[in-house]
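As structure tokens, one chain now follows by itself in the form predicted on its own.
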Amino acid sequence: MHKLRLLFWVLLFNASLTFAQVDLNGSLDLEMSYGGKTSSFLKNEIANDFRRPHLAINQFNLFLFSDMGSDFFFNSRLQWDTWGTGKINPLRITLATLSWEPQDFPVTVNIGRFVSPFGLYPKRSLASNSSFVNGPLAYNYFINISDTRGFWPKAGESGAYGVDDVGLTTVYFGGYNTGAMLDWVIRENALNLALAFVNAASASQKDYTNLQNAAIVGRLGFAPFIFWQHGISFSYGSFMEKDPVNNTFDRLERFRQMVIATDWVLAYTYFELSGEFIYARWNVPGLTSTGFKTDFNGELGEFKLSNYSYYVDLKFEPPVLTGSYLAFRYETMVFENYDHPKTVSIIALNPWDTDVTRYSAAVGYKISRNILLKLAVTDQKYKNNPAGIDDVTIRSILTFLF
């Protein structure tokens, strides 16, 4: 499958060279980081094997844009990174979008793998676009839900991303969807609607799905005033995956995730206040050490779970040192109590995960037009303050744009 995807990209690249001008640019993010003793990519984005001070490549990105004529253009992103294990991953095509933008109508139609229209963070996920280093909790904190096991208390606790079943984040941290999207500028700089039909709900972290999954994702963006931008997002669809652990059960597509969110940006003089509120509702099966929870007929039991999170960023750009900034973030994630299904055995965990609050601070400076430097510190606190948890992070990233 990976070879076919690479061949597909190469063919499109060659076609673009033949018929159109191709623009290439990229970025290199060098990171110096340190993590506390209980660091984990699943909780604070630092793999425990690499928690001690070290220098590494955080990401290397190559972006391609090709104007193919007749209102068509093509975008793609090739990416190396250290997501998951802390080691360099194989080259991946994380973005490959064919777009049609007619000149006489304010719409763009995108087909392929594109930046998700959900929320604010996907547009700021690149190091060059973000004031911080860590992503928000809703996007990078792995919770007790798996796309193969459903509600699973061991999810998010151990293992390596991309190798083991480590569970899901509330919204996929990569910030991409696969499918088709319509982006309609209803009123320029004032009102737009993005609506996408995709292969899985926003929690899904798979490029492709091996079930008949489907979802709808959208965002309505508006600007009431010149200093205020606002958005309302939603996602609803299936996200489970077929796996040897669940292959005795059918109709996994009936388990779904619903997410609704609002995001905002308020900017005035040297200050910017931004953030998101995200609420998720899940209906999932449940798994414990004794197996899947089933009803008296042997069918999978259904758990109805919910969680919400929000973050608020304050950014200040002092007038005396152009290109510099200070930023602070407060965020929290809350897991709500649930009602046990009457027909299945009880999973003794309520609420269904541990509430967490994170504090972040960052300072940054644009050394030149194409060189950015930032230093960020985070610390997390958990409900009831469990002993022995130390997942503070200190991360500095030097970004080169070319």
Partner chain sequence: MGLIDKFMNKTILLFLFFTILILSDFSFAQETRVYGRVFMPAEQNRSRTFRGRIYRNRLVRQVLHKQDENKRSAIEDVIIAAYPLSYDTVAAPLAKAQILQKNAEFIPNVLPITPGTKVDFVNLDKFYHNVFSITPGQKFNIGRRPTGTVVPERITKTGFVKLFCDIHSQMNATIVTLKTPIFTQANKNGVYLFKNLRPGTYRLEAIHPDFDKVSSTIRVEKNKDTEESFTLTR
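Because the structure is predicted, anything quoted here is derived from the model rather than measured. Positions refer to the first chain, counted from 1.
Although not depicted, the form predicted in complex with its partner chain is the subject of the following passage.
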property: Contact check for 101, 129 and 368 against its partner chain in the predicted complex, heavy atom at 4.5 Å; result: yes
property: Answer range among 254-262, 69-77, 197-205, 301-309 for contact with its partner chain, defined in the predicted complex as heavy atoms within 4.5 Å; result: 69-77
property: 4.5 Å heavy atom contact, residue 341 to its partner chain in the predicted complex; result: no
property: In the predicted complex, residue 119 touching its partner chain (heavy atom, 4.5 Å); result: yes
property: Touches its partner chain in the predicted complex: residue 106 (any heavy atom, 4.5 Å); result: yes
property: Contact label in the predicted complex: residue 267 to its partner chain, heavy atom within 4.5 Å; result: yes
property: In the predicted complex, the residue from 125, 283, 294, 148 that sits within 4.5 Å of its partner chain by heavy atoms; result: 125
property: Contact residue in the predicted complex, chosen from 111, 190, 326, 232 - any heavy atom within 4.5 Å of its partner chain; result: 190
property: Contact set, 170-186 vs its partner chain in the predicted complex - heavy atom within 4.5 angstroms; result: 176, 183, 184, 185
